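Presented as structure tokens, the chain that follows is alone, the form predicted alone.
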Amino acid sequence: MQTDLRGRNLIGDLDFSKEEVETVLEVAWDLKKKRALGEPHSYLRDKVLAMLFFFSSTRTRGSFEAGMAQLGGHAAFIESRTTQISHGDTEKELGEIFGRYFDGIAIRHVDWGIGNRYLNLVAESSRVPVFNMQCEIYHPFQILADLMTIMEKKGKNLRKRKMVVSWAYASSYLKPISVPQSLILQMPRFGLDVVLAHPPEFRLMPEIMDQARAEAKKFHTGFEVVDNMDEAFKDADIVYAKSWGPLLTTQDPEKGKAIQDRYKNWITDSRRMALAKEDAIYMHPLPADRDVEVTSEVMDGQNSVVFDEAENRLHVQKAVMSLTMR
């Protein structure tokens, strides 16, 4: 177990080493057990977390607020449009001032080319840890919850397990690419052979792809890219299929929607799940476009773990906060 996480930021998935992620998971399982048994675990009594949102949220806001309360502290919800950020407060002011008011700063900012830079600039001026609740490049807490869930369902030894990270069609807005990018960075470190599937226009950032290949090589795991959803699903142990926008092709919403609509057949349904192993689990970070992105039969079926996955957001976030904010 690593014991030197106090004061650390978590902005990108590789900010924590594999051993440090293992520590987070050990603490998360302990906190999950304590929660189930009703045992007090007020490790952050009198601590306060600032939660600054530039983008809407359901699970992220709820799980951070609940988590801080369960740890004996408080989470302050701050919507960016209700602040003076648009009238002069820069990242330096936020880091300096919130770093003096609060014991941790969590930010969700997914604007393309802006969000990740904003988080890092706040972190440069902050005396307290800065947490990425999702930017346009990374979604580290979601992926920690995903990893926790996979280990609960498939065991901690994941070597030779096949995980599909697939694009899926959605009729709503062009979603960020941060979830698939974080998945391909983190999962190879834990023995999973990752197959990334998407239509040509939905490629991920080249630098992230290079890092993912480097992690797969370092940990002797597979990393493959295909453009066929059926091919990807064959013999999979874990299916993680969600939508993301063609943001490296175009940032124009209308053009992006037109591209997206060409691939309405990229849906996770029972036929596709039958291509995977019989005990394959279906994962999604939610919200999903029901019966567009995934059929209700799959999402509510016995192979779906989406609600366990959502619950585990609470536990991994509590673990990271407990280790870094004390």
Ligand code: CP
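Don't overthink the numbering: it's just position in the shown sequence, from 1. It should be emphasised that the depicted structure is a prediction, and the values quoted were computed from it without experimental measurement.
Not on display, but discussed next: the form predicted in complex with the ligand.
The putative spot formed by Thr58, His139 and Arg313 is fully lined by the ligand in the predicted bound form; each residue has a non-hydrogen atom within 4.5 angstroms of it. Contact annotation: Arg108 falls within 4.5 Å of the ligand in the predicted bound form, judged by heavy atom distances. Though the partner is left out of this view, Pro287 does reach within 4.5 Å of the ligand in the predicted bound form, counting heavy atoms only. This chain is displayed without the ligand, yet in the predicted bound form the stretch 279-287 from 279-287, 258-266, 43-51, 28-36 comes within 4.5 Å of it by heavy atoms.
Residues from 144-168 do not approach the ligand in the predicted bound form: none has a non-hydrogen atom within 4.5 Å of it.
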